[in-house]
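Next comes just one chain, in structure tokens: the form predicted on its own.
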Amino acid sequence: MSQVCRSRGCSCKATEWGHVLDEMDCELFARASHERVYEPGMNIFMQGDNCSGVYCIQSGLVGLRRSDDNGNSAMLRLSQNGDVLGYRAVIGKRQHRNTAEVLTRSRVCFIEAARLTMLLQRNPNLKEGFLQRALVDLTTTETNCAEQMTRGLQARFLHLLFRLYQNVEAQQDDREHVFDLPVQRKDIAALLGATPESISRIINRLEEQGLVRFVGRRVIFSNMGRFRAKIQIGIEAATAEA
């Protein structure tokens, strides 16, 4: 697995569990953890790998992909700043079920499984923190499933497009906001529970409306205010239907 590492440890205060660690635990955390920088196209871990520890995303965007026995794969979800990867595999003492693909340059704090287990044994509050993280992830999954059933595909696509825009380096001037999609259209389709053909039709419709233009992977917003308003309308419509 290719990666770029820095020798210094991560500050426990930079993690979501910093508030439950005492001074000694923070020192142990700093000695046990390392910050790693990944470039787009790298993998943090691969499906089927033995889990060596947990990864706390400090910045960047990571896609989780799963493949079947026939070599077919689909992107399941996106992870970004504040998300934690690998903790379920550590707790369950099993292999990774997904591959973590780096989509944009990412800083990731890594802590070895053995060191983490030691901290969990020392600090019950930290163990509770992992339980709460599992519940948050479950709630997020349920919310995403509910949105696919109650929210129109175009509204979901616009929301995902804006999320991707927020997580990449975009160019902007007084008129246009421009960025390059960090994922392929087939991955966008998988994330939204749609077909690539459906995504293409939506893109054509949005271009006809003058809301956004697509040139290959390049996305061009000619009116960001109008785009944001369109997203808000979709959210309000879904809320009213619920």
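In case it trips you up, residue 1 is the first one in the sequence shown, and so on. Given the structure is predicted, the values throughout are model-derived calculations rather than measurements.
As for the form predicted in complex with the DNA, it is not shown, yet the points below apply to it.
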Even though the partner isn't displayed, in the predicted complex is Gln209 close enough to the DNA, meaning a heavy atom within 4.5 Å?
no
Just checking whether Ala194 would be counted as a contact of the DNA in the predicted complex - the rule being heavy atoms within 4.5 angstroms.
yes
Does the DNA come within 4.5 Å of any heavy atom of Arg31 in the predicted complex?
no
Determine whether any heavy atom of Ala113 comes within 4.5 Å of a heavy atom of the DNA in the predicted complex, and answer yes or no.
no
If the cut-off is 4.5 angstroms on heavy atoms, which of these, His177, Arg213, Arg66, Arg201, is the one near the DNA in the predicted complex?
Arg201
Only one of Leu153, Ala74, Val136, Leu119 has a non-hydrogen atom within 4.5 angstroms of the DNA in the predicted complex; which is it?
Leu153
Heavy atoms within 4.5 Å of the DNA in the predicted complex: which stretch in 44 to 52, 180 to 188, 31 to 39, 57 to 65 meets that?
180 to 188
